[in-house]
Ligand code: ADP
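Next up: just one chain, as C-alpha cells, the form predicted alone.
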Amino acid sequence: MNDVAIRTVDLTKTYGDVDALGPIDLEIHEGESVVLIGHNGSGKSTLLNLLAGTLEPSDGMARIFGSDPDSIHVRQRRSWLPDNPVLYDDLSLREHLEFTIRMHGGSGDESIIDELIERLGLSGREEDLPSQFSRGLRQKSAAAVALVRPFFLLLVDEPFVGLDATGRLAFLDLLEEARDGGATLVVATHDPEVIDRFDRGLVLDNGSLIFDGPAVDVRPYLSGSVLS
C-alpha cells in the first residue's frame, strides 16, 4: 500500500457550542481518489478547510505528508479549489494561469496553460477579466488555476456547481489524469453522476464520519434517506 497522504486523529472543529466536525480519525493514502458526500452543514467544507490549512482545529490533529497542513512543505505539494474561489478582477484568465505557474517554479509559457484553456471550454476568453464571467466560467477558470500548478494532493469543494455538462466531463477527465499520474484527490460533491469516477467514498453527517468504503456504495446516502 502507498504511503499515507492524509492522517487525522481526533480532528475536531467547534464554533462556540456548535460541533461542526469530529472527532474524525482518517487515513487517505497517496494516489487514492476520494469523493466526500454529505448534506449541507455535514462538515465537508470544514474538513477540507482544515486539510487546506485555512482553518485551525479545535482539538486533535491533521497531518499531510507527515507535516502540518499550513507548512511550506505541504503548500508546495497541495492544490486547493474551494467552494467560493477567489479570482483577481484586475488579472485576465491567462495572467492568472501565468502567475500561478510562475509562483510554483514554471516560466509561464508552459503548454499546459493552452491545454487547460481549450479542454475546459475557455478558448476565446483567456484575455478577459473574471469580473466579466458567469458563475460557470468563473468555476472553470478556478479549476484551471488549481490544475495548472504541480501538485501531489488536490482538495476540491463542490466543483461541479455551475458547470455545464461539457465542462463537468472535462474536469472529471482532468481529475482522473491527475490521479493516474499519482496525485491524491479528495473531492466534495452533491452530484450523483460523478460517483463512479472515484475509488473511495466518505460520508459525513452532522460532523461525524458515518461511512468509509467503495465510492459506489455511497449512493443510498445521496438520496437523503440514510442521512439524518
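It should be emphasised that the depicted structure is a prediction, and the values quoted were computed from it without experimental measurement. Note that residue numbering begins at 1 and tracks the sequence as displayed.
The form predicted together with this ligand is left out here; the points below concern that form.
Under a 4.5 angstroms non-hydrogen atom cutoff, this ligand in the predicted complex lacks S33 among its neighbouring residues.
A residue is said to contact a partner when one of its heavy atoms sits within 4.5 Å of a partner heavy atom; P159 fails this definition for this ligand in the predicted complex, lying far away. In the predicted complex, none of the heavy atoms of R168 sits within 4.5 Å of a heavy atom of this ligand. Within this chain, A20 lines the site of this ligand in the predicted complex, having a heavy atom no more than 4.5 Å away.
Note on the partner interface in the predicted complex: the residue among R197, R179, R200, H39 having a heavy atom within 4.5 angstroms of this ligand is H39. Judged by heavy atoms within 4.5 Å of this ligand in the predicted complex, the contact stretch among the candidates 169-177, 42-50, 62-70, 23-31 is 42-50.
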